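In C-alpha cells, one chain follows: the form predicted on its own.
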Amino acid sequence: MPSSNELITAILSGLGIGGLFAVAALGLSLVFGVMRLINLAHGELIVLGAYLAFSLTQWIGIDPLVSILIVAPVVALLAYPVQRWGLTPVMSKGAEAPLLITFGVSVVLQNLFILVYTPDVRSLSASYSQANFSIGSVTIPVIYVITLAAGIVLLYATHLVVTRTGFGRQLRAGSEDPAAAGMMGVNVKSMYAWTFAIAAGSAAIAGILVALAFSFAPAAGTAYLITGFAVVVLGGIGSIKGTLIGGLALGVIESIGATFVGDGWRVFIGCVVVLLVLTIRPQGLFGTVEGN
C-alpha cells in the first residue's frame, strides 16, 4: 500500500504530466472541433517540434523553452499550406480523402525524421529538466511544474482567443455553419487554414515539452496521437476546457494507478478509465450531445 507521501507525489506528478497531455491534445481538439477533421499527422507535428528545437539547441545553443518562439511559428507556417491547398479542396468530398492525406503526411514526416536524424532516441537537455522541486517531504521534477503551467496558460489563452476575439467569433461561426458564415463575409477556407496552423504550432510546443520531460524518436508520434485522442474524447470533442480537465484527469489517474500496480500498467489504466467514462457519458466530460 503506497504511503501518503507517495500518493501526494503521484497526484502532483500526474498534474504535471496531465498539463503536457492537454497541450499535446489541444491541436487535435481545435481541428476536429472547428473542421470535423481527424488529423492523423498530429503526432508527427509534435515530433517535428521536438526535432526542430533539438537542432536549434545544437546549432546555436538556444534554451529549449526559448526555442518555442521560433519553432512554433515555423511549424505553423509549414502547416498552413497543407490545409489551405491540400486539405481544404477535398474536405467537401467526405472524410476519407482528408484522412488519407493526413496519413500520407504522417508517413512522409516519419521517413524524413529517420533520414535526417537517424532512428536514434533523443531528448532535450536543460538544467531545469533534471532538477527537482520540493514541497515539504514531497519532491517532484521541475519540468512537471513547467508542463503544468504551460498547459494552463496555453489552453486558457486559446479559450480567450476563441471566446473574446473577432477571429474566435469567425471560428465559431465557421464551425457551426460554414455556408452561412461565408455569406456573412467570413473567409472560411482561410480561417480553416489558420486554425490548422495554430493547432500545428501548439503541437510543436508540446513536442518541446515532451523532449524536455522524456525522450522522442521518429516513430514516437503514434503514441502521442493516441494519448491526444484519449484526452480529447475524455474531455469532450471540441471543448478547450474539457481538453485541459481531461488531460489533467488522465495524468493523475495514470500516475495514481502506476503507484498502486506498477508503471508498466500506466497506459492500460488510462485506457480503461477512458472507456468507462465513455460508457457512462459518450460525449465526454464536457462535450454536448449532438443536436442539443
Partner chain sequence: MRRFKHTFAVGLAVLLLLSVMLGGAVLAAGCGSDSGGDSGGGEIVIGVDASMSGPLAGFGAYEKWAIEKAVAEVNAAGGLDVGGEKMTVKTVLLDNKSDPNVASSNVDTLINKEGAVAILGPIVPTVGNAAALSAEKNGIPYLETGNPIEPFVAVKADSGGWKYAFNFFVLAPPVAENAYKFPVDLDMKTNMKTFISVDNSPDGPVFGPAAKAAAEANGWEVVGMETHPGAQTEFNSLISKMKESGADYVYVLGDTPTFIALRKQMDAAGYEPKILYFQRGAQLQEFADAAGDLANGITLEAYWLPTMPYPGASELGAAYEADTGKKAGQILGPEYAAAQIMMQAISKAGGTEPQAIVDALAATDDTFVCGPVKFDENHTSALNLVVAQWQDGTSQQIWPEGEGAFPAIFPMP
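These numbers come from a predicted model, not from an experiment. Numbering follows the first chain given and starts at 1.
Separately, the form predicted together with the partner chain exists; it is not shown, and the next lines address it.
Each of Thr9, Pro89 and Ala258 is positioned with at least one heavy atom within 4.5 Å of the partner chain in the predicted complex. Contact check for Gln130: a non-hydrogen atom falls within 4.5 Å of the partner chain in the predicted complex. In the predicted complex, the partner chain lies farther than 4.5 Å from every heavy atom of Ser175.
For Ile17, a non-hydrogen atom is located within 4.5 Å of the partner chain in the predicted complex, even though that partner is not displayed.
Using a 4.5 angstroms threshold between heavy atoms, Arg164 stays clear of the partner chain in the predicted complex. Out of the listed residues Val105, Leu154, Ala76, Ala181, Val105 is the one that sits within 4.5 Å of the partner chain in the predicted complex by at least one heavy atom. Screening Ile146, Ile205, Ala197, Ala211 for any heavy atom within 4.5 Å of the partner chain in the predicted complex leaves a single hit, Ala211.
Only one segment in the set 68-76, 197-205, 155-163, 117-125 has residues whose heavy atoms sit within 4.5 Å of the partner chain in the predicted complex; it is 117-125. Contact residues in stretch 229-267 (any heavy atom within 4.5 Å of the partner chain, taken in the predicted complex) are Ser255, Ala258, Thr259, Gly262, Asp263, Gly264, Arg266.
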